[in-house]
Ligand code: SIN
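First, one chain by itself: the form predicted alone, in structure tokens.
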Amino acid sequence: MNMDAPLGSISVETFLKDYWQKKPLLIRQAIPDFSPPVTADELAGLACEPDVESRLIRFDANEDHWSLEQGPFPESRFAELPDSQWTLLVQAVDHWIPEAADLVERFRFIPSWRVDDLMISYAAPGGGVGPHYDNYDVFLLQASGTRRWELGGVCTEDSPRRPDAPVMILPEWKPDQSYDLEPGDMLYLPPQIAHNGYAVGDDCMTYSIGFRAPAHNEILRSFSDFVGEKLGREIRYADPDLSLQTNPGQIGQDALNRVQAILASYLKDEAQIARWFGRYMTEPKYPELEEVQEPPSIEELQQWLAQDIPLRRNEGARFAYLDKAGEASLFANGERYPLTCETLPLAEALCLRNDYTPAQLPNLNRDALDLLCRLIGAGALYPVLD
């Protein structure tokens, strides 16, 4: 797999300039001779696991039937399915399969804190989710079989939706264009573009690499919670310059100015915004599955490195770093790790890739080793001991 040409014949610079969040792009043979790291049987096996998020959708446009089942599924459920008109979707496969996580690395030309996960769908002939739209960017990579993608116009939250579907399924569908994707072909869709994909024939498996795009209301709530948790109850609204009003019930402009100044004072604190944003955008997708353990000692870590044992980012971990506003920080799984000028190079290296040989870890002084130990203890890194 050529990681130097992640989009096949289209350069990353051209893609970002002309297509990213602007218009769809079909890339024929984006990954020539693509060999799927997850088979259909392995996907079904994941859908049986209690910790894995999975869904089974049956959609028949001719009969106007749409239904959803949530996993985990017993193995017997797959034997009961009809020969057509269904699709299995398994979320965050990259969190469970290292080879799937390696595939996501191909898309790191987008900031890594924007990457959400790799979802894989397997569809019987005619199977699909139904016409819908997403509020995030997605790359749709055909892994096996053939899927026909039909594209429509731009949708919004005011667009009509099916009342019987918990997701944004469109009740009427008139496509503007369609493409048949074969293994190795890839379709990029920006947010809110209506689309409909369904299997043409057997063994249709599609990999969907989606990106995080928090809504403004989520951003405001998260930041206000972050700030509010750090403030004591003694900091209060004050108006020592209060003057007599004609009507005591009026909210005057001076009161609005005071409240606006309070809010602006927190928004002007760039260091605080940086600390919040790094934590927020690296929060794990499934925090309940995070495994915290006793961190290794520095001596134990040194023994691993001396034996040339590589370290690897946990498949569900999110890393980002920031060197701004007078301080440097590494963020991993929603936690902040303050950095010094000596440990900053290590943080930069950790954010470049998902596995590391000892030779790829710079400036391994005692502070850097301590940081690695803490990340291992937090479940963000692990030694590849096998």
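Here the structure is a predicted model, which is why all the values come from computation and not from measurement. Each residue number is its position in the shown sequence, starting from 1.
The protein also exists as the form predicted in complex with succinic acid (SIN); that form is not presented, and the subsequent description refers to it.
Is S208 a contact residue for succinic acid (SIN) in the predicted bound form, using a 4.5 Å heavy atom cut-off?
It does: once succinic acid (SIN) is placed as it appears in the predicted bound form, S208 has a heavy atom within 4.5 Å of it.
With a cut-off of 4.5 Å between heavy atoms, is W86 one of the residues that contacts succinic acid (SIN) in the predicted bound form?
No.
Closest heavy atom of H132 to succinic acid (SIN) in the predicted bound form, within 4.5 Å or not?
Judged by the heavy-atom cut-off of 4.5 Å, H132 is in contact with succinic acid (SIN) in the predicted bound form.
L170 versus succinic acid (SIN), in the predicted bound form: is there a non-hydrogen atom within 4.5 Å?
L170 lies outside the contact set for succinic acid (SIN).
Could you spot which one of A92, L140, A143, A101 gets a heavy atom to within 4.5 Å of succinic acid (SIN) in the predicted bound form?
Flagged contact: L140.
If the cut-off is 4.5 angstroms on heavy atoms, which of these, I110, M119, A274, M281, is the one near succinic acid (SIN) in the predicted bound form?
The residue from I110, M119, A274, M281 that makes the contact is M119.
Going by heavy atoms within 4.5 Å, which of 295-303, 121-129, 264-272, 248-256 lines up against succinic acid (SIN) in the predicted bound form?
Answer to the contact question: 121-129.
Within 135-150, which residues have a heavy atom closer than or equal to 4.5 Å from succinic acid (SIN) in the predicted bound form?
If the 4.5 Å heavy-atom criterion is applied to succinic acid (SIN) in the predicted bound form, 135-150 yields L140, R147, W149.
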